[in-house]
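In C-alpha cells, one chain follows: the form predicted on its own.
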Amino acid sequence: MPEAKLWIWGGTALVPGAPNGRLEDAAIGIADGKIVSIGKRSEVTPAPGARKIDTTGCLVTPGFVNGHTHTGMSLLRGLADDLPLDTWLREVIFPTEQKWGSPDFVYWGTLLACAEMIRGGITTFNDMYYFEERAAQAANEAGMRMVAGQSLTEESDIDGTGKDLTGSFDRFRESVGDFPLVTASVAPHAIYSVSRENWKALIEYSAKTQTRIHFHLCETRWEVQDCQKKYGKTPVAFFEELGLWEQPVTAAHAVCLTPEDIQILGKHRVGISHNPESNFKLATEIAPVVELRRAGARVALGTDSTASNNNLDLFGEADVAAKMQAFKYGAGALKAQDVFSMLTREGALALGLEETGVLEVGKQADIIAIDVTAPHAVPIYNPYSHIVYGAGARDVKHSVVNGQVLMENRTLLTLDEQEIVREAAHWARRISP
C-alpha cells in the first residue's frame, strides 16, 4: 500500500461500517488519488512532510454528485424566470442559445459553474450541453470529476452534431480522452426534440461503444401525452421497444410516470436524476422517487441548470427532495440517510461511477468537509439530518477530488474566481436584452 501524502485530519467522518456510520476524530490517508487509510488520529503517524487538511469541527463526507446539469447555461442565470417549460425553452432559451452559443460561451459558463459547485461541496457532475469539449476542458482545469454529455437537439443544433451523428460523437469522445476525470456520454435532449431514427442510431452507437446516454425523460405531462399521440405508448414504453434500457442510461426528471413505467425503470436499474427545485419552478409534478427506488432504480439528486433553477446548490435540493416526498407519501417516506445516499453513493451509481461516492479504502479520494461549529449547526443529534435539513453550501470548508485539494478554508485553489466573475459579467452585458 502506498504511503499517504495527504491526510484529512480530524472531525467526524461518515464511514460505512463504523458505529452509527460515524468515525470520530478521523484520519483519512490519501495517495495516488485514492483513499489508502481510514482510522482515528490517535492510531496513525503521518510520514514526515505529509500534508494535513485540518477538519476539526467538521463532518467529513464523500463529495456530492450532481446528477443533471447544463453548466454552459450558467451565463443565462435568471434570464427567463416565471415561465412554463415549453414557453421558457422555445421562446427564450433556444433563441438565446442560437444567438450566443459558442465554444467560449460554454467554457466560461462551465468555469463559473465549477466555482459555484466546488464551493457547495459538489465534486462530480453529469453534464449535457453543446460544445461539450470546452465544458470538459473547464472541468479538467477545475479538477472536478465529470460525465460530459455532447448534446443533440434537432430543433436547435447549434454545433452541428446532428449533421454527422456518429462522426460528431467519435470526435467528441476522442477530444476528451486526455482528461483523466472526464467520462464521455451522448446526450440527446428528449423524445420530442430528437427523431425516432436518430434515437435508434444513438442506441446502436451506445451499444457498440458502451457509451452512457444522458437525456430528459417524462419531464412534463405534455411530453407524455405527445408521445402517446404519436406512438401509442408512454416514453418509457417507447424506449423499451427501441432497446434503450439495455444500455447504460441516466434519465433526468422522470416526473410523469405510470406504475408500469416505474417497474420498467426499476427492472433495468436505470439511473435517474431527480431535480426537485427545477421541477417545482417550472410547474411540473412531484417525481415518484420513493417508488422508483423501491423498484430498483438508482436515483441521484441534480440541480438542472441555473437558467431553470438559478443555483447549483445540492443542499437545497436535498432539503426540498425530502420534504416533497414527505408531502407525496407521508413523513419519513424518504429518510435523511436515504437522501444522503442519493447525494453520494447512489448518485455516483446512477452515473455509472463505481469508484467514488463513499469513504472506503480503495475508492477515489473525493471528499468534502462541512463546518458544524456555527449556531445553525448546534446541536447535532443526527449528522445525516443536519446535512439534509440544516446545512448549506456556505458551510463547506474544504474540497478534495481525486486527492487534489480544490478548496481549503473556503479558498478556491484551482480556479481564478475573480477572473471568472469578471468574464461572466462581461457576457451578461452582451446578452442582456
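One rule holds for the numbers: they count along the sequence shown, beginning at 1. Remember, it's a predicted structure, so these values are computed and weren't measured experimentally.
A second form of this protein, the form predicted in complex with a further copy of the same chain, is not displayed here; the remarks below concern that form.
Per the 4.5 Å heavy atom criterion, a further copy of the same chain in the model of the complex is contacted by stretch 382-390, the sole one of 41-49, 398-406, 63-71, 382-390.
A single residue from the set Met324, Leu165, Cys227, Val290 has any heavy atom within 4.5 angstroms of a further copy of the same chain in the model of the complex; that residue is Met324. The contact residue chosen from Leu242, Val361, Ala207, Ala331 relative to a further copy of the same chain in the model of the complex is Ala331, the criterion being a non-hydrogen atom within 4.5 angstroms. No member of the trio Ile53, Arg173 and Thr411 reaches a further copy of the same chain in the model of the complex with any non-hydrogen atom inside 4.5 Å. In the model of the complex, a further copy of the same chain lies farther than 4.5 Å from every heavy atom of Asp261. Although the partner is absent from this view, Lys281 contacts a further copy of the same chain in the model of the complex, with a non-hydrogen atom inside 4.5 angstroms.
In the model of the complex, at least one heavy atom of Asp319 sits within 4.5 Å of a further copy of the same chain. Not displayed here, a further copy of the same chain is kept clear of Glu223 by more than 4.5 Å at the level of heavy atoms in the model of the complex. Contacts between stretch 84-122 and a further copy of the same chain, counted in the model of the complex as any heavy atom lying within 4.5 Å, involve Pro84, Leu112, Ala115, Glu116, Arg119, listed in sequence order.
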